[in-house]
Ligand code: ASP
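Shown here is one chain on its own, the form predicted on its own, set out as structure tokens.
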């Protein structure tokens, strides 16, 4: 014999009920079947809501009643096509609905809703659904007998959560099935009667419990729980898209996961079948061919995975009893738990340090204030004598638990768990782990639950692929190419580097878009154009509130305000990749602050493209310093823009025309004064000096500008271009001075003995800078290990494509960190 239980969603519509009937018909061909059904999906909540409105004299309870009535009558209409039969079924249901309506009216009139009345009210849901389904089954050729569970399941009078009298219940079940040999028996779940004949219910998960009680009493071959998901999942699939069904799991693992929020199974369900070692199968009514989850006594089940699942409970409050007067004094724990027990407050988690200075317990947040008042009253004397502190309660918390029978045989599970949470700035408020090591529980902020489940699931179940969530601001020339490079390489990166790059935020100066499901890069321009108004603060708040794991903010602007937001991102453990040079060349204290925040919050801060675009200049420098080398001197041509200008300038061209060409080719900023003034180069050598270990600010760098006086004084781009024409003789003289000695003009940055300068220099033939072509950059590091022949890095140092590739390289560095 098999016992099948179908939940509310499984019987929530005529369409689904037909699926249930097909499943029952198929299974009953090979085995006798007992079917336990819940109320129609949502009806129990509607009944309770209607009663709660009635008791406070809110006449809108009548509207809820009408909804309940309409739902059932519509199901009958769709499920039973025969007018005569449909009318008969409707007549029976309307009788029960009339009784229900009178009960609600009575609650309204007397302003009282006792637990006893609540059970009478709620029992109607299962009674109606089971009757409708039994009549539909007959029409489909299944000779099912409907049996009222209240005649079988005997309980005490703890209304709304009655305790089963198993001696009487098992006797009733066995006697009934010994005398009724039906291939299919249908029973309403959840409902029961007390020893004195009063209607009771079995509480949360009651229909599952009914099915387990029946299965145990009959020594069933299998208990099948049919629901709307294909088994127990590795974690909550609504929060973690990569969650997958668990094919096999032990009873103990199932209990742990169900206790910590796995909604497809409730802990009491397991107990009646556990001793009998009856397998439990979780199946999907909507996808009956899916394998589902098999719950058995064995935890091996053909898998060596240490962690079977990750679960959580939200709306937790952490209650802390602490004080020096507790140390070495027995009885505090006993009094604390007795107090909570008297208030019927369930303790979900307990942790106590060996110092005995404090006890922390996790309870439902709804019980927090009741607990505070009761515990403070119990320890009133000790509090008044300052032996202990008044009870401390923290709200807005959640419990995340990692579960698995095999965890006790694997070292490092807790270490991997805590380090993974720490790397993503998920603060742990309390920890509990039993000696069985089957469950490691942590208390965290409720706002971090989604991130915690995702990072832990990635760590324990998706070790082959790491997800990186990118927030990119500044999708202009360079930013657009970065997005296109990510789109082009996304598949390759995932297959070869096991890295899932997701762009979840995009912004330009006008519009922004945020999507935690990832932005479709095939259509990103149109999506951005239809996005909301851009806001630096709004973009940050969006990234913060999305609270995604492995988040990275990528700044592809030259905006001061954006650069000033880096600290906000780092404090939220969101990594920062900066193409923008402003932050790293700002006041040294700010630069140092960003470095410290990066370390404190474990948030990478990379800015390779600040110097040399896509060239690995900063990365090389950092490796030199980290390996113990000492930087003696740096000589560099760091402006691809200026190098392009001077490589194309001679006495046959006006300097104005060459600068204009460089701008049109995209080698200068829209305002070429930024490049030609030397400030940009000064920022770059400043960054290299700082990365070498020197404390220095921008004003400490000598800037020997080659621009004319009027060029330096210009107030606009147009005015600047006019000065280039007017002062052409000045620029021609610079060229002629170098040309007469066959020298090349290069704008050079130098760092020696803790001092730095930038300026134009005449470079002789044979010097490494002499043949530097196009927009190329070159950096020479003279160090303790390279005192005479420097470490040289050379290549394209400007251009949207190479700069975007440098940003892409930083993204990969963060992913591999």
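All values derive from a computational prediction rather than experimental measurement. What we label the rigid core is the largest C-alpha set whose atoms superpose within 1.5 Å from one form to the other. Numbering follows the first chain given and starts at 1.
Just so it is clear, the following notes concern the form predicted together with aspartic acid, a form of the same protein that is not shown.
K.L.:
Work out which of 206, 292, 505, 711 lies within 4.5 Å of aspartic acid in the model of the complex, going by heavy atoms.
P.N.:
So the residue touching aspartic acid in the model of the complex, by this definition, is 206.
K.L.:
Within 4.5 Å, heavy atoms only: does residue 539 come near aspartic acid in the model of the complex?
P.N.:
No - in the model of the complex, heavy atoms of residue 539 and aspartic acid never come within 4.5 Å of each other.
K.L.:
Wondering, does residue 783 line up within 4.5 Å of aspartic acid in the model of the complex on heavy atoms?
P.N.:
Residue-level check for residue 783: no, no contact with aspartic acid.
K.L.:
Does the 4.5 Å heavy atom contact test between residue 777 and aspartic acid in the model of the complex come out positive?
P.N.:
No - in the model of the complex, heavy atoms of residue 777 and aspartic acid never come within 4.5 Å of each other.
K.L.:
Is there any non-hydrogen atom of residue 607 lying within 4.5 Å of aspartic acid in the model of the complex?
P.N.:
No, residue 607 stays farther than 4.5 Å from aspartic acid in the model of the complex.
K.L.:
Given the stretches 39-47, 786-794, 763-771, 64-72, which is the single one in contact with aspartic acid in the model of the complex, using a heavy atom cutoff of 4.5 Å?
P.N.:
Every other range fails; the passing one is 39-47.
K.L.:
Going through 469-508, which residues have a heavy atom within 4.5 Å of aspartic acid in the model of the complex? Please give them in sequence order.
P.N.:
None of them.
K.L.:
Aligned on the rigid core, do the two forms place the Cα of residue 47 2 Å or more apart, comparing between this form and the one not shown?
P.N.:
After core superposition, the displacement of the residue 47 C-alpha between this form and the one not shown reaches the 2 Å mark, so yes.
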